[in-house]
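The chain below stands alone and is given in structure tokens; this is the form predicted on its own.
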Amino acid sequence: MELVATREAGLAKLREFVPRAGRAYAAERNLDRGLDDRTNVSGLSPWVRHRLVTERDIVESVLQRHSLDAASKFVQEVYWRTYWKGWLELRPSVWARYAASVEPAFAGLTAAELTNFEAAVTGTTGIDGFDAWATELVATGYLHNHARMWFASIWIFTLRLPWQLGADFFMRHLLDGDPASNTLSWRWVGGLQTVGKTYLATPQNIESATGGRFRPRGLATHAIALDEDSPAPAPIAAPQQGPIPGGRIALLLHEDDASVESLAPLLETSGAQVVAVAAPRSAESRSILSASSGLSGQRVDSSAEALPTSSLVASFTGGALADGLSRAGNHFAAEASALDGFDASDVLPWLRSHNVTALVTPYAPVGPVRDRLDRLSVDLAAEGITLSRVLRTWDSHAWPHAARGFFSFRERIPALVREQQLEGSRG
């Protein structure tokens, strides 16, 4: 069933899940029961991916029902997403390195590797479980978190395919496909994120966690960590909120943050008056291969249909943008416009039609949207127009603590919850 990409639908799903967010979630979250029973997980990630529902919304709702101790496992999962974003924000060159490596990895496949790739993305490898997950991913846009790890491990260590192509396959099909969480999780499985530490899928673990549905044979029994030309760089300084212009401004939404009305207090403090809001009609290309024009010389055969971004992803993301745009227009009582994209050729005529020279947008973390906004900022500056980015306090408080591993970050979660004043009646 196709999911509804609106804030209202996401909040309804949150309300449904909250009673199970405590000790029941901690006990059952690692089980992958299949398509017919996802009650042990929240299923909120597609809405959180676009911030139709924000991390603050989720933690605040959960802690109104459960204590932080009882809901610690679920709250940690919410902060895992924040941690991954922060880690990549402090090391943006890791994203740039990944993005630059995907197309060469595809172009460099041998004939045997290309056969394996085609079988993997079409779910025809003959590996029990793996083929079912590939089919489920393409059909639904979702996989349980453990299935994602098993899939990545088999892709890297059994099929011996480049991890970058697996990460790109996920980005084409996951409704919650997030540049930080996806890229860094694949790096972690391969032994790049925590250098030398790999994740190896085993038949016993898969059988146990899937209730006996799958027990694949012939999996790799050893996982030799991948290496790369240079290690991840030292972290840079975390971003800080710059000045937000006052007076007449235009507001641009994007797929990384479709809840700009919750940023209104920050805009009001600056004295900004929102006179127009806009958003692209469709998603940015998250997948490097989907955006690439350099594949024409490479045979793709049965996998050709798998290279474009999934229609499910395009539909959900387009719906999220439309919903965010409608809500923003109503909230600010401003004209709402759908743009073909956010190149300068799309944005400049819209800005000029409203006689504004200051454009504000929610802060986009490292990834494809950020790359496009960086280019737009340069082009607008040449026309005398400033682009300002509004950084949520959720991110500005948490990201500076993502310089090391997650376990160090995890120790900060109670303090971060207190800083956000989210402890609620039970916390």
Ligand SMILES: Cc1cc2nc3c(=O)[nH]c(=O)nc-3n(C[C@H](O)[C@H](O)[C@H](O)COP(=O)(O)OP(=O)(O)OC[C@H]3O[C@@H](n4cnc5c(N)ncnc54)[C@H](O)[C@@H]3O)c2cc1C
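One rule holds for the numbers: they count along the sequence shown, beginning at 1. Here the structure is a predicted model, which is why all the values come from computation and not from measurement.
As for the form predicted together with this ligand, it is not shown, yet the points below apply to it.
- At least one heavy atom of residue 145 is located within 4.5 Å of this ligand in the model of the complex.
- Contact check for residue 366: every heavy atom lies farther than 4.5 Å from this ligand in the model of the complex.
- This ligand in the model of the complex comes within 4.5 Å of a heavy atom belonging to residue 41.
- For the chain shown alone, residue 25 is a contact residue for this ligand in the model of the complex, at least one non-hydrogen atom being within 4.5 angstroms.
- The listed set 80, 332, 163, 95 contains one residue whose heavy atoms approach this ligand in the model of the complex to within 4.5 Å, identified as 80.
- Proximity to this ligand in the model of the complex, defined as a heavy atom within 4.5 Å, holds among 357, 122, 185, 315 only for 185.
- Residues with any non-hydrogen atom within 4.5 angstroms of this ligand in the model of the complex fall in just one of 348 to 356, 212 to 220, 114 to 122, 145 to 153: 145 to 153.
- Taken together, the three residues 74, 84 and 177 all come within 4.5 Å of this ligand in the model of the complex, as judged by their closest heavy atom.
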